[in-house]
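One chain comes next, on its own, written out as structure tokens in the form predicted on its own.
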Amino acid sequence: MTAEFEKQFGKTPQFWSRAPGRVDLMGSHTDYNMGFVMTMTIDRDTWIAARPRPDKKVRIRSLNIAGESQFSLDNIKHDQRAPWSNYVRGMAVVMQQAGYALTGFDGLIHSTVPFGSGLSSSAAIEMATAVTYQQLGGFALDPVEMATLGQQAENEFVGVSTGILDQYSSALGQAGSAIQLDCRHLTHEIAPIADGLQVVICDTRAERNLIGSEYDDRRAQCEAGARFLQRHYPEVEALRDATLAQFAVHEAEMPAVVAKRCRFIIEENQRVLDLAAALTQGNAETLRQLFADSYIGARDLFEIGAPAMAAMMQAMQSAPGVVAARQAGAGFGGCMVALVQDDCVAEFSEHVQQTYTSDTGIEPRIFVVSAAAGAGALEE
């Protein structure tokens, strides 16, 4: 990166930042319903090398995608030709709105987080950008504020109605552990993963694009369900507040599609809470059931499945050493996640690679991952 920075900008970088991607072990779409998510940072990162500029311009390039994007901090608009730069632009908009004085810079980005796979490549670039602006400006953000500003940038500037999960995970993740995130209170509890279990991500390579997709439809349906239940139970401000018993009383009165969405979220939220003990204790039977129920609910009730996901699920569940398997991210393709006996990882990976390729004609990507530290500065 240093050599390429010098080649492209004529000088050496002065500041470095990194932020990890993440995988959810349980809790699909529970985040914007103010619920709980079991999330884990992964040792796949976005890095930014930067050098301050004397003017208020930002000139940004990437080692992953060709092209350059430039903008002035005084006049920030969308870049249709280099849409990846809108995450950098959006962070500048919301940080300046929050009162932080930003400095222009030349920057080079490199990411090992796969794009469009549900591993939060967008949140990683947002959080790495936030760290870069802090280094250049000589100020420090609380990590929770950094996460909420990242969510604001994605919602208001980029145009995706995501919850706080991705940015919070990237900003506050902890090495060696999953975290149980409370999306309403923006707090978390540590959930150590039992010895002998290895997290393996299986990328279907069926790309997703959440902008203008069914993601926003699912969110609107959940919010409609919460409003319906609130008429009967005033304490239900979001689906997180509804019990399965309350929902069951009024399920038949709801539009069928809204009822399906609500049932999945309410059950999924409880699965997150049930997962914490099973994950720490390494209870294989409970883990297998929780993961399987989550996948079936996501497929049949929340309807975020895809043919590639079904093929990958079959490949994972038939592989040696698999303990549990389910979807990851928002669905509609992207990645799946498995808990695997750590002495069977090689055999598991080989089986999934061969089986999925044979069934789909697509060669998957398999990532054996560990929990990494949250976003921060890199120092030589």
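Being a predicted model, the structure only gives us computed values, none of them experimental. Start at 1 and count along the sequence shown; that's the residue number.
As for the form predicted in complex with a small molecule, it is not shown, yet the points below apply to it.
Asks: Would Gln180 show up as a contact with the small molecule in the predicted complex if we use heavy atoms at 4.5 Å?
Replies: Heavy-atom contact with the small molecule at 4.5 Å: absent for Gln180.
Asks: So in the predicted complex, does any heavy atom of Leu165 sit within 4.5 Å of the small molecule?
Replies: Heavy-atom contact with the small molecule at 4.5 Å: present for Leu165.
Asks: Does any part of Ser28 reach within 4.5 Å of the small molecule in the predicted complex? Heavy atoms only, please.
Replies: Ser28: yes, in contact with the small molecule in the predicted complex.
Asks: Is Gly329 close enough to the small molecule in the predicted complex to count, meaning some heavy atom within 4.5 Å?
Replies: Close contact exists here: in the predicted complex, Gly329 approaches the small molecule to within 4.5 Å, heavy atoms only.
Asks: Using a 4.5 Å cut on heavy atoms, which of Phe71, Phe157, Phe247, Tyr215 is close to the small molecule in the predicted complex?
Replies: Looking at Phe71, Phe157, Phe247, Tyr215 one by one, just Tyr215 meets the 4.5 Å heavy-atom criterion.
Asks: Just to confirm the contact call: exactly one of 368 to 376, 6 to 14, 354 to 362, 19 to 27 touches the small molecule in the predicted complex at a 4.5 Å heavy atom cutoff, so which is it?
Replies: Among the candidates, contact is made by 19 to 27.
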